[in-house]
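One chain follows as structure tokens, the form predicted alone.
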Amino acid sequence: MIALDIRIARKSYPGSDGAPPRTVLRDLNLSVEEGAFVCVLGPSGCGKTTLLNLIAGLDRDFDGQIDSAGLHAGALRIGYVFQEPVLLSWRTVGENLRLVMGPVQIAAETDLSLLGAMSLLDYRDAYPKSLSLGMSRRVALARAFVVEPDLLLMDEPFVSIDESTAEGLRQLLLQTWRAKPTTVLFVTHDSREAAELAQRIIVLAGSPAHIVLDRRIELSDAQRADPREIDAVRRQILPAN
């Protein structure tokens, strides 16, 4: 089933000091299947974050249409993991999660199960300032999943942390996604990260940006753990990047 149908004819930003508008995205057409894990790959500044913001409805000023009717019967639940964790500093870890939970989830103590899965249960009453960046990113991931999203948007969520921590978070993401399947759009500029995570890779390039490659990635878990297999995928997608 097609869960998300994206048709962006043009997305522009006003120019400054009398300069003409700057078009960031043009003729970008993309359909995403329900439950798919899709990575959007492209260089920094090419419009990947803009694309997520359009999908999330944070920016409605564009020419085109985004249809998410295939994802939900009622109100669309969106989880959005930003580049920075964006936790409320005056709230504890547990309170940050419970702010976005409904009565059923609170009664079921869904926050406790997610914090346990992410090895954060001992930090439920801690404040964000006492957490490492990697731990804060785990909290942000738990907060996104706790709403049981129809659509999970992730904007380079593991950038600026060491590779060992990032790899652990990638594996945690995959485990959580498999346990609670949802449709994922994951933005990155890292081709290795995309190859390790994605069922499908969309490559954006050009100015204005548009899709230059759309490739399905059919690798087993064992293959995704093999650097040679990942490098083979990267060689397939890098020439278009």
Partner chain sequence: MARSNRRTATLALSIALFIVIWQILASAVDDRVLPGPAAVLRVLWLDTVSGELAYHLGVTLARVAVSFGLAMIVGSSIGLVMGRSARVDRFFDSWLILFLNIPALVTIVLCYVWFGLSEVAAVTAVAINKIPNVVVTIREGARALDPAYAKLARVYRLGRWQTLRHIVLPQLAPFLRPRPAPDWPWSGRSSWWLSSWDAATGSDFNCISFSSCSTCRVSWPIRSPSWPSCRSSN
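Residue numbers count along the first chain shown, from 1. Worth saying up front: this structure is predicted, and the values here are computed from it rather than measured.
Here the subject shifts to the form predicted together with its partner chain, a form of this protein not shown in this document.
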query: Counting only non-hydrogen atoms and a 4.5 angstroms cut-off, does residue 147 reach its partner chain in the predicted complex?
result: yes
field: 4.5 Å heavy atom contact, residue 108 to its partner chain in the predicted complex
entry: no
- request: Please check if residue 89 has a heavy atom lying within 4.5 Å of any heavy atom of its partner chain in the predicted complex.
  value: yes
- prompt: Taking 4.5 angstroms as the cut-off for heavy atoms, does residue 181 touch its partner chain in the predicted complex?
  reply: no
task: Choose from 166-174, 113-121, 98-106, 130-138 the stretch whose residues reach within 4.5 Å of its partner chain in the predicted complex, heavy atoms counted.
output: 98-106
message: To verify the annotation, which of these, 29, 68, 49, 199, has a non-hydrogen atom within 4.5 Å of its partner chain in the predicted complex?
response: 49
- line: When its partner chain is considered in the predicted complex, the residues of 38-60 having a heavy atom within 4.5 Å of it are 49, 53, 57, 58
